[in-house]
Structures are given as structure tokens and as C-alpha cells.
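Before any questions on binding or motion, here is one chain by itself as C-alpha cells, the form predicted alone.
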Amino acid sequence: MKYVIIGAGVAGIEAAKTIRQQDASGDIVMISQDTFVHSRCMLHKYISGERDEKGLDFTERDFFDKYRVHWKKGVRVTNVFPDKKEILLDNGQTIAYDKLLLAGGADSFIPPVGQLRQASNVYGLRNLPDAQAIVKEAQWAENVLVIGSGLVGLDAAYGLLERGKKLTVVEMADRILPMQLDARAAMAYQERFEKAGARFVLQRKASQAVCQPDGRIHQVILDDGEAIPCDLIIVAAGVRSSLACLEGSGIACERGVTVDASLKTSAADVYAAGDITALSGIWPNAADQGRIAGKNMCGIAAAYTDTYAMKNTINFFGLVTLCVGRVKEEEGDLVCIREDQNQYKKILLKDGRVEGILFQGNIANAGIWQYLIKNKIDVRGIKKDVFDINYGDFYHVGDRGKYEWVIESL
């Protein structure tokens, strides 16, 4: 059996490991544009200079030798032909497969604002080559503009602040990290970034960006007319699944590759995992998808069901935040808040069920909240402060494909 994996991110790596554990004799070929295995969650440490390329590798030592994976690196897949069970590389080579995994991830999205897409000093931050280019530009750039203050934008900002750069962050929302945090938790990070030298311009968006004769943009005009000088621009305006190689393949795609619970695509013997599926943009989910897809590629039935909620762990300047589930408050919510000088905790409940948590500062013993949110457990039977709920208030009654928890007092 020949297994071909497109992509050397966490989904592809975990799939390869799983396949080898299930099939000791099959051939495993991994193909990627990357020449280093790297964690995109750690790219800010490369930008800051804390780690080099090898320091971003999240695999165990001698991974490719241990699991007998043939890694064809530095090449790009241009076409997938499910009817022939072949893929075509940009070097002209054709590779046949018995089972194929699409795990090529996603690409940065540069919005069509002015000439942002044409300028030579505009970058996204999605992979190691992006980070390498940013570091090269940052050697001489005096003014850096970051468009977008989500996790990627702040990762870039954090790394460049460590290099002593003068930096402005523009955000359309009324706070930073708007998808992850509420105003109270966001301000705690904004104050730390500002103390480190960042300037934030909130509730504004880029309106004009014109390339000069040198092919670079030297200022961006905001929608209120303010001109932001810049030598280097980093755009963190979201991502799009990497679907270019699937054009004409007949494989069903929407925002990402369409998959069923086994992570199988619409094409026979073709699976997908990670950001290319648009199921989830977080590292643990991509890893789990890789393992699930790997099992199914080996004929071992497994289902991916962990699509219940957003989960993010944030850590800037030593301040840790965990948010799980829904962050935005809705009508009918019971909003519970506990805070002091060392921590801020918020829980959203609706109809007696926990739908979201935001813990900043002390995030210890947070595992139970993921179970409560995922399994939609009614906690109204517990006669104590909701923040004091722990595993002792529940007992496990069986496993029918998921965990069930029953309140002992009921």
C-alpha cells in the first residue's frame, strides 16, 4: 500500500505516524513546499530571534527515519488526478498513490485594498518562509504596520517588538483579539503591548495603499484619512484553505475541502485533515484530524467529532488566557464573572448549560469546562458557585462514542 501525504504540518505528521503504527510495511511519501518541519504557533519566536529554523521543529528526533517516511521537500503539488490516482508536482514528476491525504493547510489572505497584493514589502504570516522574509525586511525597516490584531497579527507584533521595532497595529473592531476575548481581557493585553512600544489604532481600516516606483508601499491611508508611514506591512486578515492544486480535480470544496466524519473527501481513497478542511483553525484539532484520517486510510474506522467549540490558549508577556466555546454574549445568557488583581474569569451559561468560558491569569483545572461545553451538560443541579464546579460533582456512566457525565446530586 502506498500512502501519499500532501503537507508537512501537524496534520500530515500525525497522519504519517498513525499510518506507520497501523501498517508496518506500507510506503509513506510526504510532499511539501516546506524544507523545515515547523510549528506555525511558534513563528513569533523565530521573528523575535528566540529560535532558529530547527528550533521550530515539533517532531520527535529522527522522525522520518523512525517512521520510515520519505519526505520530498521543497516541491509543490500542482494537480491532483483522483481518476488516475496520481498527483503532479511542479518539477514535472508524477506520483501514484493508493491512499492520499490532503493536508496542505491554508494561505494568508491579503485583502484587495489598494495595491497591497502587488507590493514587495507586504507579507502574511502563515509559514516559515513568511517569517524568514519578515525577518529579512525587518533588518532595515524602521516603521512596521500590522493590519489585523488577531492571534497572527499579535504574534507578528510581539516578535518585532522583541527586535525593538516601531510598530502600529490597525484593527477594524473596537478591541484587539476580537474573536477570542471580551473588552476586559483584551485591554489587559493591549496595555502590555503598548508598554512594550506598540501603538493601536482601533475601529479603523486600511483604505488606500499605493505602490511607489520602487514597488513598495511607504504609507497606508486609513478610512478616516490618517496616513500611517510604513517600511514593512504584515497583513493578518484571515486565511483561505490551500485549494489551488484541486482545481479541475472534481473533489468537492466549499470554504475548504468537504469531508465526512471519517475525513474522507468526495473522491475515492482521498482524505483531508487540518486547515485545508476549514473545520478548525487550532493546532490540537488539526493533530486529531491527522490521526483520525490516518486510521481510516488504513481501514480502521474512526470518526472526527471534536467540532464543538473554539479553543484558544493565549500567552503574551507572561499573561495566559484560555477561551473555550462561545465568547460573544447573546440574549438570554447568564453571565458569571469572578475577578481580582491576579485573575479574570467569565462563564456564559444558557438554559443551565455552559456555552463558553474565558479564564485569564489562572487557568488551572480548566479541563472540566471543555467536557461541560462539548457534552452540553446541565449544571443547574449543582448547589454551589459555578466557578467551584469540579470533577467531584460528576461521575462517569459509560462510553457510547463520547463521554457522559451525570450530576451526582440528581
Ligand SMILES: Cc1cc2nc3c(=O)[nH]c(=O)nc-3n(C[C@H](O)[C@H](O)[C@H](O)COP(=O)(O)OP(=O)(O)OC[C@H]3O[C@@H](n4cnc5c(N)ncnc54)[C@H](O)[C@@H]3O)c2cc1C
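The numbering used is simple: start at 1 and walk along the sequence shown. Computed from a predicted structure; not experimentally measured.
Here the subject shifts to the form predicted together with the named molecule, a form of this protein not shown in this document.
*Asks:* Answer with yes or no whether R126 is in contact with the named molecule in the predicted complex, where contact means some heavy atom within 4.5 Å.
*Replies:* Answer yes; at least one heavy atom of R126 falls within 4.5 Å of the named molecule in the predicted complex.
*Asks:* In the predicted complex, does V4 have a heavy atom within 4.5 Å of the named molecule?
*Replies:* Flag for V4 set to no.
*Asks:* In the predicted complex, does F193 come within 4.5 Å of the named molecule, counting heavy atoms only?
*Replies:* Outside the cut-off, so no.
*Asks:* Consider A185 of the chain shown here, and say whether it contacts the named molecule in the predicted complex, taking contact as heavy atoms within 4.5 Å.
*Replies:* So A185 does not count as contacting the named molecule.
*Asks:* Counting any heavy atom within 4.5 Å as contact, can you tell me which stretch out of 255-263, 112-120, 165-173, 148-156 lines the named molecule in the predicted complex?
*Replies:* In short, 148-156.
*Asks:* Can you pick the one in I357, L372, I28, I31 that has a heavy atom within 4.5 Å of the named molecule in the predicted complex?
*Replies:* Here the answer is residue option I31.
*Asks:* State the residue from L202, V75, A96, L222 whose non-hydrogen atoms include one within 4.5 Å of the named molecule in the predicted complex.
*Replies:* Of the listed residues, the single hit is V75.
*Asks:* What residues of 94-119, in sequence order, lie within 4.5 Å of the named molecule in the predicted complex by heavy atom?
*Replies:* Residues within 4.5 Å: A103, G104, G105, A106.
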